[in-house]
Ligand SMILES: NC(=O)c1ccc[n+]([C@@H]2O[C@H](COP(=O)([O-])OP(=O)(O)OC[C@H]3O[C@@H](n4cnc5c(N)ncnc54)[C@H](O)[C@@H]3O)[C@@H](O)[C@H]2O)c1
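Just the one chain here, laid out as structure tokens, in the form predicted alone.
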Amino acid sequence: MGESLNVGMIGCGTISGQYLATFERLPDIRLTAVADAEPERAQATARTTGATALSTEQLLASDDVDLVVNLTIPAAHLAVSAASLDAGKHVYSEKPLGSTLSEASQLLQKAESNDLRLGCAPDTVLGTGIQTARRVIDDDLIGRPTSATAFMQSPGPERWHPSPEFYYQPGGGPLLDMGPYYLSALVHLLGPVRRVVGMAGRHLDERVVGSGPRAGSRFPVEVDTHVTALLEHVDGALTTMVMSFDVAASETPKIEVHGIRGSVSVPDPNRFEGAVRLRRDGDAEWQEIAPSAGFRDGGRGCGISDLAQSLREGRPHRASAELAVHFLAVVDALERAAREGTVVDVENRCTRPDPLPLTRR
């Protein structure tokens, strides 16, 4: 493998545009091949990128692909990632890594057995927003962290997405769709989760497509659409988290972390940048902290760049499958806690990823 990591992308849907925009400015990433279940989409992507449009089978057999970027729908993540690992390719998957903890653990074991790297979105946690907030905490500016809040509250993606059904099928829902951004950020900020309490519910039996050629059509809701949770981190901090597709509008902060000497307001973990604000005991008002860590001007796919660099340097990559598996272990524990009305230990842990210095990509 040379300086550039040759990448094959499977899945040329809506999210692929954001990855492609980032790939254009990553010197260590070279997009060589694309594939999609709808060949015309792969061909259209190939025309605009210079990559070669292939079938999935051809892409996995290609010697010109070192790593597969799996941008398929969540229900296909397991099959596509497993086939890619079996073909001897490193893999970077959109979240979630699998629809269940068992699926994700199976993929991680396969990658480790084959001495291959397995990464998973989100990599927004590597942007200046979350990484600068982490540096505030690591530099002891708020003292020992004691608690946090994390809120993602919206009316649901069917307002803007022309084919939103998969958000409301097994493998979807606000916890699996948006939870990875928030929990990944919380792990970077406070470390992994030790145990959880939670409640969940769904308040509509069906939803309505709000945009595109199928606007007005109705579809069933098969998953919980509101989750309230309490997370205990390994170092003792307690996070209150709400993930919901049942809220018309909200002004609650995305994430706040509170310590014994101050608080830090953390920007939207679904974005790479954003204002980090600090207020310590005795301060009259919040002060904005200049970016001091993370990918400056980051975009989706920066985690792949970090993975490519980690291969050269022989270190762990930050947008890791271990963190993705831990997230699903937290989801699994929350579902059991909601079902049984009890406190549930999170059996699967991960290592808090290394901080990322201020880096331009």
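In this text, residue numbers run from 1 along the sequence as written. Given the structure is predicted, the values throughout are model-derived calculations rather than measurements.
Absent from the display: the form predicted together with the ligand. The rest refers to it.
- Partner contacts here mean any heavy atom within 4.5 Å of the ligand in the predicted bound form, and among 182 to 190, 223 to 231, 111 to 119, 69 to 77 they occur only in 69 to 77.
- Although the partner is absent here, T14 lies within 4.5 Å of the ligand in the predicted bound form, judged by heavy atoms.
- In the predicted bound form, the ligand sits beyond 4.5 Å of every heavy atom of A44.
- In the predicted bound form, none of the heavy atoms of H317 sits within 4.5 Å of a heavy atom of the ligand.
- Proximity of W286 to the ligand in the predicted bound form falls outside the 4.5 Å heavy atom cutoff.
- Only one of the listed residues (R194, H161, R279, K254) places a non-hydrogen atom within 4.5 angstroms of the ligand in the predicted bound form, and that residue is H161.
- Along 284 to 303, a non-hydrogen atom within 4.5 Å of the ligand in the predicted bound form is carried only by R300.
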